[in-house]
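Shown next as structure tokens: one chain only, the form predicted alone.
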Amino acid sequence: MDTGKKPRHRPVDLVKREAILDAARDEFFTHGFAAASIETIAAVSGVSKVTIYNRFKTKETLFAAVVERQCTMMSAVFVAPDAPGTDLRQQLIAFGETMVDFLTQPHVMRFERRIGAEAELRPEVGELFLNAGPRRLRRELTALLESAVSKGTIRPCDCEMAAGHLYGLICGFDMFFARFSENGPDPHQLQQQVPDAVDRFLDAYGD
């Protein structure tokens, strides 16, 4: 019997959620955590502040959801390890290219600088960022490498350490220098370096 009640989590709810996260991403990445305005996020996404707090409860939860979604977009380049035709080299190149594309965006670099400054005053904000973002990506990359070890694609190793080595090969000093310079890194140059970084990684860890 049709009671006339609409089901929960209907598509319109998902659209609103994505709109909120889009607006929150722009607000957090442009102004940092402390200066980000829930009022602005509500206005840009076309919802009320009450709707935002009903869905995300706190500013911290909303921030974590934004960072988690960005990481989900990046980790989506990982093909299921056991899927037919998967190739570790191509997976790692795709990961590196996606990571470089994301990290070299000017608003993302501004956001990282602000988070670093805010973490001095509010360490919990730094922990939110690390748990929702970099640590999650490290876990997923580590899991991919562990799968490669189990299949004999790379030799047995400390896969978490290996994930750090790969990250360092891809980003190198260029990303570090860019955080303290008026001139950002050259995304095109970094993209071109990704296959070489992956090949050097596989030369070192290949079975």
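C-alpha atoms forming the largest set that superposes within 1.5 Å between two forms make up the rigid core. For every residue, the number given is its place in the sequence shown, counted from 1. Since the structure is predicted, the reported quantities are computational estimates derived from the model, not experimental observations.
Just so you know, the form predicted in complex with a further copy of the same chain exists too; it's not on screen, but the next bit is about it.
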{"property": "One residue of S37, T61, S150, T30 in contact with a further copy of the same chain, assessed in the predicted complex (non-hydrogen atom, 4.5 angstroms)", "result": "T30"}
{"property": "Per-stretch contact check against a further copy of the same chain in the predicted complex, the hit in 65-73, 52-60, 39-47, 172-180 (non-hydrogen atom, 4.5 angstroms)", "result": "172-180"}
{"property": "Residue contact check: M161 to a further copy of the same chain in the predicted complex, 4.5 Å heavy atom", "result": "yes"}
{"property": "Exercise: I115 in contact with a further copy of the same chain in the predicted complex, heavy atom 4.5 Å", "result": "yes"}
{"property": "Distance check, D196 to a further copy of the same chain in the predicted complex, heavy atom within 4.5 Å", "result": "yes"}
{"property": "Any non-hydrogen atom of A132 within 4.5 angstroms of a further copy of the same chain in the predicted complex", "result": "no"}
{"property": "Residues from 119-135 in contact with a further copy of the same chain (non-hydrogen atom within 4.5 Å) in the predicted complex", "result": "A119, E120, L121, P123, G126, E127, F129, L130, P134, R135"}
{"property": "Post core alignment: E146 C-alpha displaced by 2 Å or more between the shown form and the other one", "result": "no"}
{"property": "Change in CA distance between P134 and E27 in the predicted complex, which is 3 Å or more, as closer or farther", "result": "farther"}
{"property": "Change in CA distance between E124 and V67 in the predicted complex, which is 3 Å or more, as closer or farther", "result": "closer"}
